[in-house]
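Just one chain is shown here, as structure tokens, and it is the form predicted on its own.
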């Protein structure tokens, strides 16, 4: 996504301040922790749409860097600041304060990623063993990304607002987590046909709300310990609000996730769907007529629904090598812009085979290949594509 980068001077000052704070001696029982991660990924996409076509995919070498400072002022009060760098330039990924009354009740305010889904908890490249993200959460490495407008919910999705969250154990085997929040929400201009993720997260819009109406959402998760080194988790998430300056166009995003861990083997599955209204004041901009039964042969309604899902298996092959298998996809139902290559019922399916090698503590090499299948043929006449990733990530 294209975003206006911060001034190099501002970035240098911010990074210097983080480093200085991290190296300061402990005083008045204040604990500071400085951490970071970096990933370099080379994406080979020779069949983005029959040729190397940058508007269709980010190929070549891309870098992701994250620098985080956490400060614990007391057992109840802490603060976190995180700077990120990627294809979007520099961005404040988080800058929030946590006030924890008890394990079951904490208040977070500032800039943070709202609690939604399971993948958002490990979106940092140092926390997952493939170079790219599942399609529902993709942020630029998918093929035909402009047509699909980055899938369902690009991750991370930092926003300004407040969240209440907590966790409670029932005995020693069952844990329940919850979160509820109100944030600025996603944005787009007057007459929009889709969300504008650049405007939603780019500093060019000053990180402020465009309609003074918050998006509200919640997440709940249940974890059951099956043994000493195994557990299963089920979660559900939802958020909704308006995204245009006039508060006339709404969106709702829902999701469900499940994860099973047995020893070092992990199986994860997640589904997301976004239902979104769009402006129909000028029907000539739309591929299908408005009217008749929504979704029927006589027309389409004033909304679309975009689904995304993935299933992922992580299986160790040895003490330092993991095998990863992932199948993910997207499905679009409803009207689209007349200029879009999508139609009602367009789909994208991808299968990924990858390995991850822990060279030593904090350093990991990643290798994967992907096979793509599209419901429509591109300008090259193909509906299949093969891509690959070679990456390295480090955490410190």
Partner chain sequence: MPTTSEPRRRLAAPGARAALRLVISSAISSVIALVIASAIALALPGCPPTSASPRAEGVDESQVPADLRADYAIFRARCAKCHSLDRPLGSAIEDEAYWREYVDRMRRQPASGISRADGDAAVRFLLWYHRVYKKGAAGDARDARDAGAPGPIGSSTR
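Positions refer to the first chain, counted from 1. Computed from a prediction, not measured in an experiment: that's the story for all the values here.
One more form of this protein exists, namely the form predicted together with the partner chain; it is left out here, but the text below deals with it.
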Using the partner position in the predicted bound form, report whether residue 334 sits within 4.5 Å of the partner chain, counting heavy atoms only.
no
Residue 36: touches the partner chain in the predicted bound form, heavy atom cutoff 4.5 angstroms:
yes
Distance check, residue 247 to the partner chain in the predicted bound form, heavy atom within 4.5 Å:
no
Would residue 284 show up as a contact with the partner chain in the predicted bound form if we use heavy atoms at 4.5 Å?
yes
Sort through 150-158, 99-107, 273-281, 85-93 and report the only stretch with a non-hydrogen atom within 4.5 Å of the partner chain in the predicted bound form.
99-107
If we test each of 211, 198, 120, 175 for a heavy atom within 4.5 Å of the partner chain in the predicted bound form, the one that passes is 175
Suppose contact means any heavy atom within 4.5 Å; which members of 316-336 contact the partner chain in the predicted bound form?
319, 320
